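As a starting point, one isolated chain is supplied in structure tokens, in the form predicted alone.
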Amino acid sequence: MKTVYFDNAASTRTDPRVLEAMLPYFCECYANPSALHSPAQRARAEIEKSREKIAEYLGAQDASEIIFTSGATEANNTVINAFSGQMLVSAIEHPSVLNTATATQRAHLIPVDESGLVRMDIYAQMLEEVRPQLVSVMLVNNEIGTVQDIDTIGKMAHDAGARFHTDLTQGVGKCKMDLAMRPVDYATMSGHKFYAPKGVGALWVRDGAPFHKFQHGGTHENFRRAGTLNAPGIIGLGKAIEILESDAEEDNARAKAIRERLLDRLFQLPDVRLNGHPSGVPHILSVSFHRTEGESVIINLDSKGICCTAGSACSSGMHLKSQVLTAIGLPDDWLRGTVRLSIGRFNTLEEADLAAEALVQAVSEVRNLAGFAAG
């Protein structure tokens, strides 16, 4: 049975070109890059090349603004925990922002509209009333693909005297960066969302922005993030960014074509709705089937070799309501029947046809078992 993978928002396959760039730093040039001898300095030199590639891609003013981390979760925790005052975060943030912020008991959630966009009128009021130290709003939502206007949101934060943080993870390769030219102070990302390996990411801190290290130990990353540098992962991260610079346009065109193919077929079913803003990123497709159990659909699809999720992989299988779908006001009889298909570089139109056929069949079978007659 052919496996068709449409869960790329959870994790992408490592690009073979990325793996090829990484391999020498496992068994050949394996020295700790903080040492002074030649093998260590060779690894260090490649790490610095990756730092420069990432800084250039993000539009940072200087490569020294890049701090390597284990991923966006660590980077988001670093930023959130650096502030002791009040903060505003959107109601549809990734759990690594939302849960970290709410744990401080100093966070206030900015509501969103039914498409997932920040309610600017309420946000403006909250800035005036709360007077936050930090505002955190992600660029692209990982469940519904909605793209936020971080330029306006960031400027409003700055005008109110707050710092602004954005999680770029799902926007890398899909949206413009140009961070130095935008009202952003902190930005975070995870490599395994854009064909680099798991366990590596980056935190961008604008020069002059307040920073307090989250992880203590040695002098690594200019005293900002302790821990032996993950040389293979960092080199892979840099290579993945290099590939994005040449392949992103083709990747996005392919994703858009696949998304349209999926939608055309899925909307032949009755009682289907699309979640998120119509002009969201092309690689995330969230659809809800009325009065249908999404997890049952996912299990049915898995038996057919189709891999996708009922929402964010971070809460999948926990029988928890999606914070994102709840925040956009999706009623329970739609929310329970939500499936997220996320498209990647290695998907094809043929796979879209296979997935759509399997999904239509799965929804029909689950509805029949539940005794639900559409309409």
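Start at 1 and count along the sequence shown; that's the residue number. Everything numeric here is computed off the predicted structure, so don't read it as measured data.
Omitted here: the form predicted together with a small molecule. The next part is about that form.
A.B. asks: In the predicted bound form, which of the listed residues (163, 174, 239, 94) lies with a heavy atom within 4.5 Å of the small molecule?
C.D. replies: Comparing distances to the small molecule in the predicted bound form, the residue within 4.5 Å is 94.
A.B. asks: Pick from 112, 231, 301, 72: which residue has any heavy atom within 4.5 angstroms of the small molecule in the predicted bound form?
C.D. replies: Selected residue: 72.
A.B. asks: Taking the shortest heavy atom distance, is residue 78 within 4.5 Å of the small molecule in the predicted bound form?
C.D. replies: Contact with the small molecule, no.
A.B. asks: Would residue 190 count as a contact of the small molecule in the predicted bound form, using a 4.5 angstroms cut-off between non-hydrogen atoms?
C.D. replies: Contact check for residue 190: yes, within 4.5 Å of the small molecule in the predicted bound form.
A.B. asks: Answer for residue 251 alone: is it within 4.5 Å of the small molecule in the predicted bound form, judged on heavy atom distances?
C.D. replies: Although the small molecule is absent here, residue 251 would stay clear of it in the predicted bound form, with no heavy atoms inside 4.5 Å.
A.B. asks: Can you check whether residue 142 is within 4.5 Å of the small molecule in the predicted bound form, heavy atom basis?
C.D. replies: Taking the distances in the predicted bound form, the answer for residue 142 is yes, it comes within 4.5 Å of the small molecule.
A.B. asks: Using a 4.5 Å heavy atom cut-off, which of 254-262, 165-173, 272-280, 220-228 contacts the small molecule in the predicted bound form?
C.D. replies: Looking at the other structure, the answer is 165-173.
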